[in-house]
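Only one chain comes next, encoded as structure tokens, the form predicted alone.
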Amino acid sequence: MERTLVLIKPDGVQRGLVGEVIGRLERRGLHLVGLKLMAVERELAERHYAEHRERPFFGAVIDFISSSPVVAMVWEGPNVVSLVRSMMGPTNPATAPPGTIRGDLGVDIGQNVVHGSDSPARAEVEVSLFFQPSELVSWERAGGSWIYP
């Protein structure tokens, strides 16, 4: 099974959208294996967004993600990275279709509610940034064979 990191960003937490986002992922049949409310310290934020260090928006992204708590989650399932990406929609909520998390709930490109890993390789890196192995729980869902035969 593939794993991915999903963050409900400060705007999603502040707007009370945590349950909505989690509910959408659960109803899709994804398997939650890690969850925590946390403050993102600047050092972690800079490591997480390191690939954008030279871009003009880097400072604003770091300020935003460390401005208020986030909900960090690890979800598991077949092709979970691409599935979550399609559920989130494009980064800019103005171009995200209705039915996607960003299309339904996002305000603008800077406040787009969620982050999700963009590849399986990046997911491994991001999960290890936000979670210790002991914080991830392997468990079997009752009735799971109805979701993944």
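Given the structure is predicted, the values throughout are model-derived calculations rather than measurements. Counting begins at 1, following the sequence as shown.
The same protein has a further form, the form predicted together with a small molecule, not shown here; the description that follows concerns it.
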Name the stretch, out of 22-30, 38-46, 106-114, 66-74, where some heavy atom lies within 4.5 Å of the small molecule in the predicted complex. 106-114
Is the gap between T91 and the small molecule in the predicted complex 4.5 Å or less for some heavy atom pair? yes
Close approach of A50 to the small molecule in the predicted complex, 4.5 Å, heavy atom: no
